[in-house]
Structures are given as structure tokens and as C-alpha cells.
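As a starting point, one isolated chain is supplied in C-alpha cells, in the form predicted on its own.
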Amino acid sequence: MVKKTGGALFSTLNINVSSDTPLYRQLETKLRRLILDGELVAKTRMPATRQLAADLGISRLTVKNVYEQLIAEGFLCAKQGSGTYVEPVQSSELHSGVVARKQRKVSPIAALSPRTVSIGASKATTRLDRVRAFRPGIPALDLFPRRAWLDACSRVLRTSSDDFLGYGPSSGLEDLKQAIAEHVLDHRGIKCSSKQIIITSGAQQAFSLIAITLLEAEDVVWMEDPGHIAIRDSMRLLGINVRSVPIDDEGFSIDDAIRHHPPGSALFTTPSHQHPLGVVMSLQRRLSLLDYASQTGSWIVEDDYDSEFHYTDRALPALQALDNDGRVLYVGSFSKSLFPALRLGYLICPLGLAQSFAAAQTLLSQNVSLLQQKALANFMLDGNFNAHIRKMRVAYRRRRDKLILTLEQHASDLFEQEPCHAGMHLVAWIKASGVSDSEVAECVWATGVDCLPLSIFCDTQRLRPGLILGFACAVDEKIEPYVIRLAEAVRHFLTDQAVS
């Protein structure tokens, strides 16, 4: 609910009584802005506190406290028996306020730097604020064990010392690092010490740490194409020379990279479940990558994307587990295995780099909340994490199978499905030629269903149009009606295209 004062002078003074921002802070900020912008000129008499409080529908004490604060800052002055008045503001401050107000009326695009324009054009943030059926990369939030997580969180607050309200070690909480070391040994065959683990606020921060710690501007990095948008864009923002490497049936095509690109200082790859095509890298290709890194001194950045979820054969060991030369930097995240809002991930690095990465973590953003780290450690050490992964593996296989079946039943004329043996999404190639998968995805979004176009993940490659459909977050009983809705939207789009 928003309340507005009467009179022309205060017609723009709106106070939202439903906002999380305290009322005094809203009023104080708005009055200060009116003075700096020249809307309230020097010697203007302010309304009496009783009158302004009545106009705004707030407490007179709130208004009185705001006046006193602005008097202390020199924006207002109180004259005994006369009232409260606007003080003269330094001309430079007033001028800057007026100029800023005028500039807001003009499009700022011409003044933006190329880096700012590049950031604004990135597709990495496409519709992250909503969760709908078939959104790739979103786990089964409806099946998350909230009670077990609540118990893990509440135990932290009940039993932890005051130290857990501080910053904590830059590399992360030892309990959580120990739990992660046990997890990756059991599930990925990785033998590492907790001293090699750096806790991050997700995989993307781990990639940023790697870039600012190990790479220099103009260094060449090899990246999968199609591949992870945010990594590619952030590397280029840092002045790093990104060279795109195509994906074949065995994954990252290192032979193509060697033929067409200068040697890479780092190789970014998703071997467990290539993002977004879903290819599982063959063992021979993994060994070839390790051989190249060993011979050239390159780093391999292993994004173990969707590694927990395989539905046919047993998952191949992680690249890091096969590495004998300390060339692999392993990045993991809990966004897919638990939930994205947790904002917890980790980087496993050679021991000699741990101190540098911990320092970079402090420089970049400080470390993740100790309370969250301890809660996750409790959750893992109690066995709840492994139990949840096992449950999700069954649920995702079921949801994958249902999505495949319903696509065949209701949309076989529209899509050709790529086999899906792992992960949380599948690729549906659009059979119609000459269409924009981005436009198709927008058409689908308008019906209340989500998906992502394959083309936004491509850099130099030009692939067939396709949609990335995430099945993990789609509730079982809603999969079929949503597939029907998606198919109808695509048919309408194709009909409109044919007519035009």
C-alpha cells in the first residue's frame, strides 16, 4: 500500500507502508533527494510534523525523527517558534543533483563503455528469476527434504559458537571441506585433502577465481561450443582470448582445437554430461586431454556438471581422479543436487595453489556464510545428502522417461529427441527448417512453459535449431499437460511462420 502527500510540492513523495524498507528510511531518503534535486529550494518551510504524518498515514514520531536527522546533516534547520526550513545546499551538490536528474531523461547507451554493453548483452541471465516446468538446470524443488534441512540449520544456531557469526576462514569451513572430500571420493573417485578444497558461492564463482588467479589478459583458453555462457562471457570481459572447440560424439574435440587454435593456457570442459548437448566424454578422450595438459603445462578446468545423475552405465571417473600431474582444477556445485538458492560450490585444486585461491576468494567477495556452510556440513554428515541424491536419481529417471514418452505421443512431428543418459535435461531438435529456436522458445514462454533455445549456448558453431528441456523440476503429473501446451505453442508458431 502506497500513501502520497497532498499538495503540489510533495506530490512525488510516496511512502510504501508494505515495503521491507523502514518508513523513516524511505522518508529520509526521499526528502534528501528532493532537496539535492532542487525540488525543495532553500528557505522552503517544511510541513509541521503532525501535518506530514497525517498526510502520509505514518507516526508523527517517525516524521520528527526524520526531521532531526536531516537537521543534523545540514539539509534542514529548525527555527524556534517559526518551524522547520530547508537549508541552502552547496551549489556543487545542488548542481550535481540537477544534472543527474536531467541525465536520467536521456538514454545512457551512448555513454556506456564497450564492457558495460557486453555485460548487458549476455544471455547468461536469461529468465533466472522464474521457475517453470522444463526450465533447464533446476532440480526437483518439490521433492527437497525441507524438514531435514531445517533441522540441520536450526542445529547450527542452537549449538554453534559466536565464531560462526564472523567471516570465517577464506578457504571455507573445515567440517564442510571434510564432508566434500568424503563425497567426491565415494562418488567420483577423487582422492584429495580438505586443504585442497576452496568453498565458493557456486560454480561460477569458482571459475572466476580460476580466471583471476591463474590467467592473464590475452591468454588463450579453449572452451566447449556450444557451452557454458557465463564462463565464456566472463572470460572475455577479463580480456582472455576464448577459442571455441566443437563437440563430437566423444565430447571435447581436442584434435580440432590443436589444428585450429594456438595452445591453450586452460581448457574448460564438462566431461560428465556436456552442457548443453549431454554428451558423456569417452575414457579415451579424457586421457587425451590429460596427456595434452601434461605435455603443454595447460590447466584443465573440469566442471562436473550433473555428475550425480546417470541412468544407464556407471559414471566414468572424474578427470581429476585420473590426473597424475596436478593439472586438473575440479569445480562442483550444490545448485543442481540440492537447490540453487543455497549458493554453495567448491573448487578442488593442487595443494600448492590453495593459499592463492583462498586469498583470491577474499579479494573477490569474502567467503560464503559460515552458517550455511555448517548447515550443509551437518546435512551431509547426517547422511541426508546421499539419501537425497539416491532419491533424486530415481525421480529424475522417472521424469525423464515420462517426458520422452509424452514428446513422442504429442510432438513427434515437431521434435527429434537426442538420447539422454545422464543429467537433468534433454535436447529436442526442431524438425522444421529455417526457424529461430529463440523465437520458438519465446513463444513457448508466453504459454507458461519454459525451455531454452540451443542457439544461445553457441559461440561460433551453427547447429540445428533445438530446445533444451529440463525434466527435473517438472512435477510428474504435470509433464503431459505441459508437453501438450508446448506442442500447441510450437505448432501455432510454425503456422504463423508459414503464413507470413
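The first residue of the sequence shown is number 1, and the count goes up from there. A quick note: this is a predicted structure, and the numbers were derived from the prediction, not measured.
This protein has a second form, the form predicted in complex with a small molecule, left out of what is shown; the following refers to that one.
Checking 334-342, 284-292, 247-255, 183-191 against the small molecule in the model of the complex, the stretch whose residues place heavy atoms within 4.5 Å of it is 334-342. Taking the partner from the other structure, the small molecule in the model of the complex has no heavy atom within 4.5 Å of any heavy atom of I430. Mapping the unseen interface onto this chain, F309 falls outside it, with no heavy atom inside 4.5 Å of the small molecule in the model of the complex. Within this chain, R232 is remote from the site of the small molecule in the model of the complex, having no heavy atom within 4.5 Å. Although the partner is absent here, A203 is a contact residue: one of its heavy atoms lies within 4.5 angstroms of the small molecule in the model of the complex.
The partner is absent here; in the model of the complex, the one residue of K177, H388, K374, H275 having a heavy atom within 4.5 Å of the small molecule is H275. Of the listed positions (F415, Y330, Y305, F357), a single one reaches within 4.5 angstroms of the small molecule by any non-hydrogen atom in the model of the complex, namely Y305.
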